[in-house]
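The chain below stands alone, shown as structure tokens; this is the form predicted alone.
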């Protein structure tokens, strides 16, 4: 990572005895797309609002391009903001909405017109300047909000669940639109969402929030394939957990109930632990498959058709239920049936041993 554009140091916000955010430490590089991901109430939006200047921190500091942000008022920070519900002025045209931040910054009228036209072209709304927000679709309104936030070319763009009000298909389309804009403009982005798939698709790095703290920061692939905590493994994607005690801890490996996996964090023998393995990493095999490692046997309880794939829910002997995801061709070959016995296998490198907390 290059030199930090944005730096959060021991940042916190308390409301009485309740910490909405605590000990937030994060460096964001110039041009990076970083997503705050977590459930409702985890502190991600509170942290974003502190960066924006709408919420005053009770601890720590924020710096942008090496300069402390704390003493700088909201309207003087070189930051653009896109809200979930767009916050467009209903009585203003598209062009007037986009021009508003330029007007507030004292940009000359002729220059405003040029910049607005460039911004509308950038988001695919050329020719929409005289329309009112009520005459636009949800996706078009979101593009106006994006253009308004980016028209003055801020050093940092903040986005607070900007796609939350859109339907699935439009949401997926807008994810790609925002990604393309980010790459073309090179603007540094802080993006808040609770949608795991959205975070995995769009981000350079993801900061996973839990109970007001950052639980883990990393590239999407690292968080999905190598979670460091049970919470991260559970929150990002679907995961099977098999509980037990850690054994044979060392050299980055351990086992739980005789099943081997890689250590997600240092553990000692006998510690409460879970083996975490993704459904797509479980392979349905026959009892006679040679060389199979880490095998599980149970009874098929449910078969769920998902179009291009099928999910099998299998109950192990102790009642633990695990899910195995098979692609359509593989599902036809294994021909599982509800009530039948099934044997599953997975590679040790595809499983993580994590503290059970």
Partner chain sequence: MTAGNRTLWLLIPAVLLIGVCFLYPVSWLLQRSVSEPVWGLQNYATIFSRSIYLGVLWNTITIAGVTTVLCALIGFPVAYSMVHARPRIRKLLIFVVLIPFWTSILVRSFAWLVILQRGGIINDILTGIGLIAEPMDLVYNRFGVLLGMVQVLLPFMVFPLYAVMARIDGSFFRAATNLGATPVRAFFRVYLPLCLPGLGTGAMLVFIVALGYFITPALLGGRGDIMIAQLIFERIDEFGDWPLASALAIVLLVGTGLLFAIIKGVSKLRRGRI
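Positions refer to the first chain, counted from 1. Worth saying up front: this structure is predicted, and the values here are computed from it rather than measured.
Keep in mind that the form predicted together with its partner chain is not shown, yet the notes after this line are about it.
When contacts are judged by a 4.5 Å heavy atom cut-off, residue 71 does not count as touching its partner chain in the predicted bound form. Looking at residue 80, you'd find a heavy atom of it within 4.5 angstroms of its partner chain in the predicted bound form. When its partner chain is considered in the predicted bound form, residue 245 lies well away from it, no heavy atom lying within 4.5 Å. Of the heavy atoms in residue 49, some are within 4.5 Å of its partner chain in the predicted bound form. For the three residues 75, 87 and 152, a heavy atom within 4.5 Å of its partner chain turns up in the predicted bound form in every case. Contact annotation: of the candidates 185, 170, 271, 132, the single residue with a non-hydrogen atom within 4.5 angstroms of its partner chain in the predicted bound form is 132. Here is the short version: of 105, 109, 221, 180, the single residue with a heavy atom within 4.5 Å of its partner chain in the predicted bound form is 105.
In short, of 252-260, 87-95, 117-125, 226-234 it is 87-95 that has heavy atoms within 4.5 Å of its partner chain in the predicted bound form.
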